[in-house]
Each structure stands twice: as C-alpha cells, then as structure tokens.
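In structure tokens, one chain follows: the form predicted on its own.
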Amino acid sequence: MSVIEVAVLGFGQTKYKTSRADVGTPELVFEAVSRALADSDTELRDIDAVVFASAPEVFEGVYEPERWCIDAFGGVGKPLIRVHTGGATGGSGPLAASRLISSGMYENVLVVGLQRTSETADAQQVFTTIFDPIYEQDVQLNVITGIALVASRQMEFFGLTEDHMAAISVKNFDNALRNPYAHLHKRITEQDVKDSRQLAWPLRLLHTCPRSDGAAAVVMSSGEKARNRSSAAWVRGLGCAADVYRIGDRIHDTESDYAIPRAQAWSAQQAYTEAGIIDPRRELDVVEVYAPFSNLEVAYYEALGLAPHGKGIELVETGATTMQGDIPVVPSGGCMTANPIGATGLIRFGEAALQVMGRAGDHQVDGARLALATACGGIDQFYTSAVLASEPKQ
C-alpha cells in the first residue's frame, strides 16, 4: 500500500494587534480563511473537512468558539475536529490534518487557528490555573515567572547572559519590520532591551511576546493534487510529545535541569526521523520556532539539534540565526512580535510553508528548501514539530 503524501497549498493570516476591535470574531476567522483559500487557489466547496485550532476559550469569552465561527470558515455540512493543546494548539492542528489526509479519509483539509486574548481582562490570571494546585500554585507561578525560572537556570548552567537575550530580541524585532502582518513594528537596540521594564528577573518587557488578537489558516491536500501545482510545501516529517505535569518532576532531569525542554527534543527527533534528517543544523535552511521569550529561543537551539548541548549561546554570538546567518530563525519576527496563542503554532507552520514555496515576501530566505516549524504549550509540556520541503520525497 503506497503512502499518501501531504502538502500545504496555501496560507492566510490576519493583521495582528492587541485588539482587533474593528471586526467580530467570526469576521476575523473569515479574513484568514479567505486569504488561505485565495492563496491556494481553492474553493470552499473543495474542502472535505475542517480542523479548528483554538486554545483556552476563556480568551474569547465564548464557550466552544468553533460553534460561533462555523459559518465563517465554511464548516456547515463538513466534518469538523477541534484541537486544543494549550499554546501548542496551532501546531497540533496541521498535524491532525496531515494524518487525516495521509490515512486516505480526506483529500483537502482546511486548518483554522484563532485566538482573541483581548476578550479576557488578565491573561496571566488564566495562566496561573494551569499549574499544579497543590504544589505549584501557592508560589504564584505564571507564564512569565515560570520562564524566568528557565532563564535563571540557563544562566547558571549554560552561560546565558542579558547580552544574549537582548541580541535575540533585536534580531526578531528587526525581522518583524519585513513582515506586514506582525503585531509589533518597532526598531529597537540592545540597550533599549536592557532598559525596558523588569518583569521577573532576568526577564524584561522586550524579552517577551505581546498579547495579540488574530487568526490564521492553511489549506492542506494530498500529494496527488499538489503535484499539479506550480508550488507547494511538502510535509516531510511530523512529531509531537508531552512531558509530565509538575514542573518539579522535570527539574531533576540531570541532562537539561529544566533549562532545555526535553519534550521539544523528543518531538523534533520524531519529525527528523520521519523526514530522514540526520544533521538538522546543516540540512535545514530556515526555522520558524515558537519562542515567546528570547531565552527560550536559545534553549530551543539545543533542543532542536541546531547546537550541541550547552552551546546554544554560540549561535547568538556568531549571528548564525540572523537573516544573514547560515540557519535563519524566525525570519517572520516570530511570536515575540505577534502571539495570538491558539493560532501562533499554525502561523509558524504557515510561515515555514511560505519559505519553502518561495512566497515569504520581504522576509524570504534565499534558496530555502527545507524548513522546520514548532509549537509549544503548557509551560514546556506539549510540543509539535513539522518539517516542510519544497519538493516531495523522491
């Protein structure tokens, strides 16, 4: 029995802002879906099924937002699956769609990602509830303080400094200036980063992502249909992994000591094995990593095999991950400059697809033929990885 190949035909996304008060939530979804259909030259009637990716619905303030938006993404009369794995939701969506296609169930699947964080008064109060209620909530952890803990351990064990984190922030903000959809369009310096407001040591405001409203969509299809297209992004490898619930149970991992997320490494290795990648640093041309904090991007360099264990800071020091480097990371600006949480992983996936199709515009990496997209959620608990290529497997 031959394996059914899967490809991305088109990607659409909205402009990201702190609040998209100019449209209702179904209109926001319609904006992304319309662009994805147009980009893929596909009619809605050709879509066989829909995967709706949306993280905690408390952000939208509406229970089961897929019901509210079903007309906007053309889901009426079609099979529908909702995916929710926290911040990794947008990465889990195209993984689910890929398996639906490769299994032979459907030929064309639309994946929709949505998040409207402006509808909740305080996102951090929501995030405090994801921690263990007995052992961890009493110390008032939230996403920012939790990632500050990661950064402090990177500093202690791997030599991470404020200079390294500032350099990552400047790189990503500079990249976002080339991306018309990015939320934050602002030129910053390393000194600006160091002077920005302290949030939780060692994290400052310009080390972190914004709260964003937005939606994204991709059209995915079987290889048979994609072969008739002038360009497509071929799914070469997929991976996903989950870690234990309690942070304390991860800190005693002697290999990474919580500074390097092991579940990201597990997820990436699955994708690399499926794609036949042996040396990701040399074989990959571009990476769209889900890193909402500058220190996490450095940690992911190591988890993704782009740098040896404990050597992630060397990629920062040599400029290897800049647009001029040999392995550009988040040429779109990444989620440090736009983070509609449930859609963010799908944005990384879509941006990676654009890169290998040569359609990323002003932030296109010359000659990009093999790309990696990742997503993360649940405070280093859930991870997805996807390898996309400009050509199908031979």
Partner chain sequence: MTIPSPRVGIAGSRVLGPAVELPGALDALIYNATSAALDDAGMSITDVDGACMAASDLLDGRAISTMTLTGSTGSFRKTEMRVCNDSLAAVLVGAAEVASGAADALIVCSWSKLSDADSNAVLPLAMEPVFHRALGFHPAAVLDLRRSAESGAATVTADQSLESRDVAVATILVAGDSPRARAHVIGFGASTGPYLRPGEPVLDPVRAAATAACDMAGVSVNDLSAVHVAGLARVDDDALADSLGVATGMLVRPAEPWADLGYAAGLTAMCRAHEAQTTGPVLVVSAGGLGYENAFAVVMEQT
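Just so you know, these numbers come straight off a predicted model, no measurement behind them. Rigid core (definition): largest C-alpha set, two forms, superposition within 1.5 Å. Residue numbers count along the first chain shown, from 1.
Not on display, but discussed next: the form predicted in complex with its partner chain.
Q: Tell me, yes or no, whether residue 378 is in contact with its partner chain in the predicted complex, where a contact means a heavy atom of each within 4.5 Å.
A: It does: once its partner chain is placed as it appears in the predicted complex, residue 378 has a heavy atom within 4.5 Å of it.
Q: Residue 44 near its partner chain in the predicted complex, any heavy atom under 4.5 Å?
A: No - in the predicted complex, heavy atoms of residue 44 and its partner chain never come within 4.5 Å of each other.
Q: In the predicted complex, does residue 201 have a heavy atom within 4.5 Å of its partner chain?
A: No, residue 201 stays farther than 4.5 Å from its partner chain in the predicted complex.
Q: Taking heavy atoms only, is residue 186 within 4.5 angstroms of its partner chain in the predicted complex?
A: The answer is no: residue 186 has no heavy atom within 4.5 Å of its partner chain.
Q: Please name which of the stretches 58-66, 31-39, 358-366, 326-334 has residues with heavy atoms lying within 4.5 Å of its partner chain in the predicted complex.
A: This holds for exactly one stretch, 58-66.
Q: With its partner chain left out of view, which of 194, 309, 229, 84 would have a heavy atom within 4.5 Å of it in the predicted complex?
A: Comparing distances to its partner chain in the predicted complex, the residue within 4.5 Å is 84.
Q: Considering non-hydrogen atoms and a 4.5 Å limit, which listed residue (221, 175, 295, 92) is close to its partner chain in the predicted complex?
A: By the 4.5 Å heavy-atom cutoff, the listed residue in contact is 92.
Q: Going through 212-244 from first to last, which residues have a non-hydrogen atom within 4.5 Å of its partner chain in the predicted complex?
A: Contacting residues: 224, 240, 241, 242, 243, 244.
Q: Relative to the superposed rigid core, does residue 134 relocate between this form and the one not shown - that is, does its Cα move 2 Å or more?
A: Yes, its C-alpha moves 2 Å or more.
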